[in-house]
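First, one chain by itself in structure tokens, the form predicted on its own.
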């Protein structure tokens, strides 16, 4: 059965940057069967399909998104643990997944477990910190393909590289459930480690409407430091500004349009290219109907 489909749902309600125009159609499935039916429906209508995670790593165009946007519902937030294996729906938050591991005396998520967003979004981006990436813990994945078929993928078939995966290059997979292989650990120590990183983030990263880090770090080169040393802190376009606290955060003061954020990001990239001769690569995903001015 196809779940309820909304028309003209404003994407700013579903992104941490609080920008983004309307999706033509929007739905939140709660089971793999509902997800499969939605995907088949979109295919039968020749409708473009966009998958939305927690909205933490996205810049959605003011003009909105064409076709059907699917956001995994509450049914995809379940987490279970058996031995050293943790199974979770890809709509679960990374914080909830990491904390569940710690409660069960399991380690291996200290890096990715402090990254904002959902498990599915983290896997797509192969998110992490200097302590490790989520891809290293993924044993297998269950996904729904854009023809509605359900497939199981091994770790090797996911194509993990630094801040990247097969799922960024190939758009015909919707991640539904992940099986993580973790390691026995002192749960209290793991939780304390997670909390220390989260506390450090709260103390060193700006509070407000953001998508996290806008640009990828280069090997041995911090994007934030390059942006700071290029004199970009405090730059502003409309309601968008480069944070004075962490230069790799481009913030929305509450009045910004997506276009403001994009134009400021491009201004930052041009400045860093001029000052450092480095081409910054976006870490946020730009999606939707972007039109040239």
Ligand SMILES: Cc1cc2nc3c(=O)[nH]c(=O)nc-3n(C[C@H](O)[C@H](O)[C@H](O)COP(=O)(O)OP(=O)(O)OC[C@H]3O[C@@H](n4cnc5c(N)ncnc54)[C@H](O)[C@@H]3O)c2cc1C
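Remember, predicted model here, so these are calculated numbers, not experimental data. Numbering follows the first chain given and starts at 1.
The same protein also has a form predicted together with the named molecule, omitted here; what follows describes it.
Though the named molecule is absent from this view, in the predicted bound form it lies within 4.5 Å of a heavy atom of just one residue from 269, 18, 285, 276, which is 285. If you check the named molecule in the predicted bound form, you find a heavy atom from every one of 52, 57 and 129 within 4.5 Å. By the criterion of a heavy atom within 4.5 Å, residue 105 is excluded from the residues contacting the named molecule in the predicted bound form. Looking at residue 178, you'd find every heavy atom of it more than 4.5 angstroms from the named molecule in the predicted bound form.
Taking the partner from elsewhere, residue 117 is found to have a heavy atom lying within 4.5 Å of the named molecule in the predicted bound form. Contact between residue 173 and the named molecule in the predicted bound form is found at the 4.5 Å heavy atom cutoff. Partner contacts here mean any heavy atom within 4.5 Å of the named molecule in the predicted bound form, and among 26-34, 256-264, 44-52, 228-236 they occur only in 44-52. If you take 60-95 and check each residue for a heavy atom within 4.5 Å of the named molecule in the predicted bound form, you get 72, 90, in sequence order.
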